[in-house]
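One chain is shown next in structure tokens, namely the form predicted on its own.
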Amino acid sequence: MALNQAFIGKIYPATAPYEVGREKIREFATAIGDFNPAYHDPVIAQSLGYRDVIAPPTFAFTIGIGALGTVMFDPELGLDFSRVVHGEERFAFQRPVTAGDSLLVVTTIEAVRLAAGNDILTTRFDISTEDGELVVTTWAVTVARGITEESA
């Protein structure tokens, strides 16, 4: 089933605030095997000019993932979640995500296309503080694999 082309440019309302915690950052950094002291030790992070520990770059995707769920489960979009695989993600930072941030996500569907029988959805997440400071923009490409005779 093809995705609804009318969704290109659709903007979803901001999410509830995501409170970035020091321990969440440490846990994430440990889980990905990154022991950069700025991710674990607030004294080190402060010596580098940050108010608290900073998050590894890919931590931003964990903030946007809830917003992505809102898009993927929007019944009018027509995405078959059972066929979804992760395509790619990319980031454009204004500054690092920092413990103590309270962040909102505004989601925009940038592209909907069909390629080689697969539905491809490109979504942009503008992640900002509650005061409106843009922290990072992330993009996610989601692929809904097409149905072949073997999989039908």
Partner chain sequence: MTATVSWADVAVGTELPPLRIQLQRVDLVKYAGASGDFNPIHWNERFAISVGLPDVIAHGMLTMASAGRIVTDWVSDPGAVLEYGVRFTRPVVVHDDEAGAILDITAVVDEKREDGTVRVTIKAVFEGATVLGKAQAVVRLA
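Treat the numbers as computed from the prediction; the structure is a model and nothing was measured. Residue numbers count along the first chain shown, from 1.
The same protein also has a form predicted together with its partner chain, omitted here; what follows describes it.
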Just checking whether Asp41 would be counted as a contact of its partner chain in the predicted complex - the rule being heavy atoms within 4.5 angstroms. no
Examine Asn36 and determine whether its closest non-hydrogen atom to its partner chain in the predicted complex is within 4.5 angstroms. yes
Though only this chain appears here, would Gly87 touch its partner chain in the predicted complex if you measure heavy atom gaps against 4.5 Å? yes
Please tell me whether any heavy atom belonging to Ile54 falls inside 4.5 Å of a heavy atom of its partner chain, as the geometry stands in the predicted complex. yes
Listed residue that, although its partner chain is not shown, lies within 4.5 Å of it in the predicted complex (heavy atoms), from Thr122, Asn118, Thr58, Thr70: Thr58
Of these, Leu114, Val106, Ala111, Ile65, which has a heavy atom no more than 4.5 Å from its partner chain in the predicted complex? Ile65
Looking at its partner chain in the predicted complex, which residues in 6 to 40 have at least one heavy atom within 4.5 Å of it? Lys24, Glu27, Phe28, Thr30, Ala31, Ile32, Gly33, Asp34, Asn36, Ala38, Tyr39
